[in-house]
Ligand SMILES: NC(=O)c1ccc[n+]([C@@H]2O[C@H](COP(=O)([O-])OP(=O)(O)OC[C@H]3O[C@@H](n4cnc5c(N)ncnc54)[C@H](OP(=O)(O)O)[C@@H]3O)[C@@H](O)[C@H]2O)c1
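Below you'll find only one chain, the form predicted on its own, shown as C-alpha cells.
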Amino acid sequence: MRLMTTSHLYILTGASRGMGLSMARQLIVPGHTLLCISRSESPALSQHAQQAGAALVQWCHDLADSRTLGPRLESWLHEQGSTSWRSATLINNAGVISHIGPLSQADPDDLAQALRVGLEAPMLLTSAFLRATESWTATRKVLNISSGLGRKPMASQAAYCAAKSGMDHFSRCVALEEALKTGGAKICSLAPGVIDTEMQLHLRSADSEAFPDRDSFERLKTSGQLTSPDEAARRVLACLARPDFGAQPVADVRD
C-alpha cells in the first residue's frame, strides 16, 4: 500500500505502551504517516488517527524475531516511493528488561530475547531503513532510545546495560558512515531520562537481594523525580525536531 497524502514518515517500535504509546499519540497529526511496530495493535491509536485525519499503519510483530522484519520494512519502504516525503524517520524505542538478577543466574532464552529486542532489532531495522531510503532526497533520521544505564553499569542489569551500551556505540559507528555520504542520514542514541513506566515498577518490585540498587529506584518514585510518559515523549520529540539533531550521536535529553 502506497500512501501519497502525507509528507512526513515515521516508523516507531514499541508503540503499545509507556513512552512509545505517548510518542505515537503525539506523532499522529495531519501531514504525518506513522508506522507502528509492536507485539499488539492498539485500537485506541487507530481511533485517534481517524479523529486526527492522520495516516496510521500498525504491524503486530515480536521484535525478538527481527530477521524477518527487516526485509518486510525494506519492501514496504520501496513501495512508498522516494518522491512523496519531506522527511523519513526511524525511532527504535522498543526494549525489554530480562529477569532481574546476576548474570550467573540468567536464563539463556530470557537473556537472548533481551539482546535481540534491545540491540539486534534496532541494528537490523536501521540497516533496512538506511538501505531502502539511501536514494531518497528526504531528510532522513534515526533516533535510538537509549538509557543512562547504557553509560552507567548496574548490578543485576547486565543484559539491559549491554544492549543500551551497544546501541550507543553502533549509533556512533553509523554516524561516521553516514557522514561520508552526500545527504547521509542523521542518527542519535538519546537517553530520555527516568520515566514513570511499567519498567520502573518492575525494577522497584524486584527482590532486594537480587537487585542491590532497588532502593534508589524507590527513592526516584517517592521523591517525584520520575517524568511522565507524555512529558518524556514531548522532550524526546523536541530533540528529534532540533535543526542540530545528530550533531552528537550519543546524547541525553537532560543535557
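Values in this document were obtained by computation on a predicted structure and should not be read as measured data. Numbers follow the displayed sequence, beginning with 1.
Beyond the structure shown, there is the form predicted together with the named molecule, which is absent from this document and is the topic of what follows.
With a 4.5 Å cutoff on heavy atoms, M19 counts as touching the named molecule in the predicted bound form. Using a 4.5 angstroms threshold between heavy atoms, N93 counts as touching the named molecule in the predicted bound form. Heavy atoms of R219 never reach within 4.5 Å of the named molecule in the predicted bound form, leaving it off the interface. Mapping the unseen interface onto this chain, I145 counts among the residues with a heavy atom inside 4.5 Å of the named molecule in the predicted bound form. Here the marked residues L27, Q58 and T133 all miss the named molecule in the predicted bound form; none has a heavy atom within 4.5 angstroms. Listed stretches are 207-215, 47-55, 189-197, 28-36; the contact stretch with the named molecule in the predicted bound form is 189-197, by a heavy atom cutoff of 4.5 Å. With the partner omitted here, the residue from S84, Q113, T126, S165 that has a non-hydrogen atom within 4.5 angstroms of the named molecule in the predicted bound form is Q113. Looking at 44-72, the residues that come within 4.5 Å of the named molecule in the predicted bound form, counting any heavy atom, are H61, D62, L63, A64.
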